[in-house]
Ligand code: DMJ
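There is one chain below, alone, in structure tokens, taken in the form predicted alone.
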């Protein structure tokens, strides 16, 4: 009798535990509701412009004239969320109003990842040829950036004249274009886009040091390094990301070799486990000598890439460090000194990378710990960044002071990765796509 009673108690406890596991305070529908809050604020106060300033409730354009940054960036998120009415409105706005025939100079990197990537993904998801026509027009206007003596791109180009400017560029802006330009080649049958972007990546790789590291600033005309500090943070980050992703998307063995070589050097000289947990700091590209112990919100992309590359153990350890950074003040700062666990740059720009890594790790491991992390990230965003009109970045995570900006990547990346983390796995079959660094999913449609 006693044994039967104990068994019943145990079964009841297990049932309660199971019910608690299934019951979550955050769901994909919760995330969708917050996306609609942000999108509707954009519609009300910034419709037809690049972005919303959520505190002043005013529109903002990057270059004085709109390139519809937010609608293009957010379109595939709406499609994934099943927001048909909102997607139809955005599509109509884009196809009737977006033009690149403008007397403006633009930053190639940001335009490539947000607009070119967004248009290509929109075409693949929606099927309307007009998205591809816009993408090809944009790609042609960006091509002059590769007209340096090395083939590595300049930073800025004029849309109408093709005039290029700023020969001092960083590895991220040089090496983060093959997914977009390569996809444009595959979809149009014109190899020039792939060839230019691939050559830029190879030229950068060929200028790594003898120990396999790249610096943080290079002259694309002379090929000489101007700054020799190496790291995985902003300015270098997506160079590594695209080596691996281009290898997978295009079955490019040369990119895979470059990725494997780069990863060995990064793990040998930049990883740091001397300050509790796993971190990645700074080192001199020639000697490998440690030069800094800072880590930040942009570095938090690396667990996702490690996981995609097959190193789940290192990815999990690094994600735990990212969570420590987030939990310092209930939301992550732009940068910390991990040796002191002290904030060195207090802003939070609504960045997605830590959420992206949780999404990847959950996909590969199915560990519920990453869903719990997602709840932590969602709660931090809602508690500290939500405003009457959308979401605002934080000027200071310590005192939670809000700033008047809502970047388009909040809708393209941050909320997309949060949604996918909690959504059913078949919402977007992970193995069928490669996300560009702005979270625009690209499918290998040229293989079907």
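Since the structure is predicted, the reported quantities are computational estimates derived from the model, not experimental observations. Numbering follows the first chain given and starts at 1.
Separately, the form predicted together with this ligand exists; it is not shown, and the next lines address it.
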* Indicate whether residue 186 is a 4.5 Å heavy atom neighbour of this ligand in the predicted bound form. => no
* Asked: Applying a 4.5 Å heavy atom distance criterion, does residue 353 contact this ligand in the predicted bound form?
  -> yes
* **Contact flag, residue 114 vs this ligand in the predicted bound form, heavy atom cut 4.5 Å** => yes
* Residue contact check: residue 284 to this ligand in the predicted bound form, 4.5 Å heavy atom -> no
* Can you pick the one in 409, 391, 42, 419 that has a heavy atom within 4.5 Å of this ligand in the predicted bound form? -> 409
* Partner-contacting position among 320, 110, 221, 311 - heavy atom within 4.5 Å of this ligand in the predicted bound form -> 110
* Want to guess which of 92-100, 365-373, 134-142, 345-353 is within 4.5 Å of this ligand in the predicted bound form, heavy atoms only? -> 345-353
* Relative to this ligand in the predicted bound form, which residues of 416-439 have a heavy atom no more than 4.5 Å away? -> 437, 438
